[in-house]
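Take a look at this single chain in structure tokens; it is the form predicted alone.
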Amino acid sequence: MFFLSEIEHTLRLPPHLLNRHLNEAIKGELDSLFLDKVIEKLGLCVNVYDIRSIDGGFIFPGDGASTYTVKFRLVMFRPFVGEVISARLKESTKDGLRLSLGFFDDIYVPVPLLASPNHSEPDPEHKNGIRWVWEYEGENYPIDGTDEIRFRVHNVSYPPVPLDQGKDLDEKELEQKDSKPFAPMVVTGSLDADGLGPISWWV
């Protein structure tokens, strides 16, 4: 789930940071640049683990900042296909489930990957909400968000950044567009196997 990735980056250190210890100043800049950011194929950065080397310190003409070449390691969240992870229910819709790890919310379990057979019903605790229910041997087992939910990673994708076409759309078209924010990394999960789903199903 978590990996160390070594990166080399050319970093511009602003003049107001030059009075601080070099390692401390550079780590602060790396934190602001990389924490909670997704790097394609590497995953979501959750921490700057360490700084391996700092070279340079050049000041270019007309610029008061110094420029360094920094090699460092990042702790990346990058689940692998087939991995089993526990999460919490964030949202239940007609399209399936959205799960959260607390620091990462873009985990989706589409209807075909839910435990089957299943059906949806109105959620008594959320107005206009939907609750998915697994049917097994004549009993109904709801997914209501009470327990942690175990899922198996089915796919990890890095959708391309959408082009901003807002200027070409009128108000009505903008209202009809999907309001879901862009997610640079999406994990697709599955509950359709023994041991997966809410923990209470299996205890």
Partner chain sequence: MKILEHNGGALTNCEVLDLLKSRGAGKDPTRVIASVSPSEFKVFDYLEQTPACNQTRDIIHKFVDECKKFDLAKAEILNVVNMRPSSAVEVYTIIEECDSRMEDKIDDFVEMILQVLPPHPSHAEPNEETGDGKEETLQ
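If you're wondering where the values come from, they're calculated on a predicted model, not measured in any experiment. Numbering follows the first chain given and starts at 1.
What comes next is about the form predicted in complex with the partner chain, which is not displayed.
Shown alone here, residue 27 lies within 4.5 Å of the partner chain in the predicted bound form, counting heavy atoms only. The partner chain in the predicted bound form comes within 4.5 Å of no heavy atom belonging to residue 65.
Within 4.5 Å of some heavy atom of the partner chain in the predicted bound form lies at least one heavy atom of residue 71.
Contact check for residue 36: a heavy atom falls within 4.5 Å of the partner chain in the predicted bound form. For the marked spot (111, 154 and 184), a heavy atom within 4.5 Å of the partner chain in the predicted bound form is absent from each of the three residues. Scanning 133, 101, 89, 130 against the partner chain in the predicted bound form with a 4.5 Å heavy atom cut-off leaves one residue, 101.
Residues 71, 75, 78, 80, 82 of 51-82 are found to place at least one heavy atom within 4.5 Å of the partner chain in the predicted bound form.
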